[in-house]
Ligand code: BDR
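Just one chain is shown here, as structure tokens, and it is the form predicted on its own.
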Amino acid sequence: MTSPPLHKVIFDTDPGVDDAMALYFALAHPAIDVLGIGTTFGNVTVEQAAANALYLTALAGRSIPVTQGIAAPLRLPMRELPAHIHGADGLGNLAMRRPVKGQLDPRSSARFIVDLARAQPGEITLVAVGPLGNLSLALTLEPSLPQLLRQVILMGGTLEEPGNVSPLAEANIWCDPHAADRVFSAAWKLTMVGLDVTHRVILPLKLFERLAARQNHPATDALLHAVAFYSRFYSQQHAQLAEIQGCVGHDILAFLYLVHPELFSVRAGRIHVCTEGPGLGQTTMDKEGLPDCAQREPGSSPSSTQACTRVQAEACIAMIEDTLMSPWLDR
């Protein structure tokens, strides 16, 4: 039987409960090779994000370079962190943490992205699931980065679905709209996996209870604790989710698109980010009747990108369960 093609990945993240889901899915999937992790502020401070990335990888028995990246938005003031959603520590307020070994790679996340892209041109996918400051700074360090990376897949934005931090904006884009606008303007192959699809994939808490029972491992125990906290928030917000004690997976959909793009419908076009006013953080695609509200840097030219618009939700949930239930923690 032929093995699936291997996807070499740099994971840029702000863990975060759904980030933890995404990380463990990536580590469990046989076609994904996580070369390194960049961290950013977003769900937690960048220092906490880096600590969480080190902790989650160590719990899973993996030695993966982790770097610390941007600590605040490029131009806007820092916003209040969503401790009520992810916990003050980003992982549902873990009562205690096991002692683990591991130190940060001394490079910044932006420098790390550039170094790996230069070393393996055309081979690496950048999966970004937080605010996009690290990727924006990497573009400053290496303007040819779009030609060096194989593709960029990001969780963020929305076209038709209402926003989750304002009526118009998704959180990752809203947190640093200037960085996001620069990323969307670069000439790389880019896919936006936004709320139009992530809100369709509801993950029941029972899935993670079965996972923890099946794996019987500290990594899945920690994940269950985090998802239970996260699910309580969503259950308080949405009656549908309260009925099943479930949550929205968000970030894990970026990896699902990487390995199974056939489960998604996409629409191609230029995506713009609004960087001021009541539409701050709104993502729009160039179609008739929608103005370009982005404030672009001189000489920049928006690329043609694509956004996910539909998803086969049940197939995604089945893939998540099959992947996480596999014996990946025993390898």
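Just so it is clear, the structure is predicted and the values come from calculations on it, not from any experiment. Throughout, we count residues from 1 along the sequence that is shown.
Quick note: we don't show the form predicted in complex with the named molecule, though the next part is all about it.
- Contact check for N164: a heavy atom falls within 4.5 Å of the named molecule in the predicted complex.
- In the predicted complex, the named molecule sits within 4.5 Å of a heavy atom of E170.
- Within this chain, V129 lines the site of the named molecule in the predicted complex, having a heavy atom no more than 4.5 Å away.
- Interface membership of D251, defined by any non-hydrogen atom within 4.5 Å of the named molecule in the predicted complex, is confirmed.
- From the list 236-244, 141-149, 97-105, 170-178, the contact stretch for the named molecule in the predicted complex under a 4.5 Å heavy atom rule is 170-178.
- Looking at 77-97, the one residue that comes within 4.5 Å of the named molecule in the predicted complex, counting any heavy atom, is H86.
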